[in-house]
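Have a look below at one chain only, the form predicted on its own, in structure tokens format.
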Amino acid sequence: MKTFHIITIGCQMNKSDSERIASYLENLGFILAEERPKADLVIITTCGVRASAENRIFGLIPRIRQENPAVKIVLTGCLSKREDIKRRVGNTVDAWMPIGEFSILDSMISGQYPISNIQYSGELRSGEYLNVTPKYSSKHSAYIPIGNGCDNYCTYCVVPYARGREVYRSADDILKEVKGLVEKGYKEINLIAQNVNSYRYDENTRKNANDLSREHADKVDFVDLLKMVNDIPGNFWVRFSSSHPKDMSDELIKILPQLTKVCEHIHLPAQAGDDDVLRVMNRNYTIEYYKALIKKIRQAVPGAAITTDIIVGFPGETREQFANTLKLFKEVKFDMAYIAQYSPRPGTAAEKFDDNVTKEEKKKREEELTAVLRKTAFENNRKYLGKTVDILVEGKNRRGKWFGRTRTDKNVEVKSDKLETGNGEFIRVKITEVRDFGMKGEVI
């Protein structure tokens, strides 16, 4: 095996995992194959959060085999521990690699077969694999995982079973990675975890990380970490996600205006707009609490963009309960929402619930929420008309136009005959046109 190709399905954490796998393979002497059929080894980083993401692999794996019968296929990510997936896929996959278990790759390369006989450590070794220097897919924006896993056990969510309990990296390791990127000219740092607000690093978790020094090793929480990242010299932006409403502290909200590099964009998943549904979801907050958080954020950071995640058609959700979610959308006026139709996830508590909302009804509810979202997003974007904003240039779209994003994560298409700036540069743009989910502007 000489060449590799990685297919990533799912979230930012999966993308970060794939970047670390790529780096690990290159250190073993592998070369990236841009074209999948030319790869000796194909890694699929899977997502099991939604049935639609999960189902992609069932058509993908046979196509890979058809393209190259001799290829070795490794499946990692959220589906790597699922026995039902293993039974369904059968021997079309050569190895199942739990997240962080890079030793599986060593075993494959050394010819240790059958792979099923390889002993897994049985735990997520974040302190080892998260400190692998990634092969970053972007030259100006990077995802920096500050930890992995989740302790919340929302009844619909498979993440705690796929990634395990929360384990966090030391502040020193995180700061070293950020400093190295800033020195290389990176303009955007994205701190990510399943729940960034739960970040803690102290003596009790030190055994889970590979310390580089003891300068920041004692009792660092997310507010402390965000301050330290913000204080790193350089011209760059900082983003973070995802946040759990029950763990977003008043201390964090109050400090945000002082952190000049932290972007005015908060992603705060609500998941539902009804208290009874939230209780069955095991979210541990009420809608009044959620709305109070939004109010605090907007008071502290005027003009902040608020985005969210929502599940429609959760088992037992009535039309009246869904109406409360519609009401939440109208009141909060989200800038963006990622709306998902509920699908049962194996191993979760909700899998045992009666999935009694029809597919047609789920689709209808999604469309109703999207209609409200389009209106509120457009209303929010109208406030930018005629204003001058900074954007980070990300590239060219299909029409050959430059585009980038604002600090509030708004997508802006740039009009200019003289713009020579490539990816990863900050430019000033005057907004000349707005839509619901995008804007246009001219370079100043």
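Just so it is clear, the model here is predicted, and its values are computed rather than measured. Heads up: residue numbers just count along the shown sequence, starting at 1.
Quick note: we don't show the form predicted together with a small molecule, though the next part is all about it.
The stretch in contact with the small molecule in the predicted complex, judged by heavy atoms within 4.5 Å, is 43 to 51, chosen from 43 to 51, 403 to 411, 382 to 390, 25 to 33. This chain appears without its partner; in the predicted complex, the one residue of Q271, T307, N190, S107 with a heavy atom within 4.5 Å of the small molecule is Q271. The contact residue chosen from F322, F222, Y156, Y290 relative to the small molecule in the predicted complex is Y156, the criterion being a non-hydrogen atom within 4.5 angstroms.
Although the partner is absent here, S343 is a contact residue: one of its heavy atoms lies within 4.5 angstroms of the small molecule in the predicted complex.
Among heavy atoms of R283, some come within 4.5 Å of the small molecule in the predicted complex. At a distance threshold of 4.5 angstroms between non-hydrogen atoms, N230 is out of contact with the small molecule in the predicted complex. Q194 belongs to the set of residues with a heavy atom inside 4.5 Å of the small molecule in the predicted complex.
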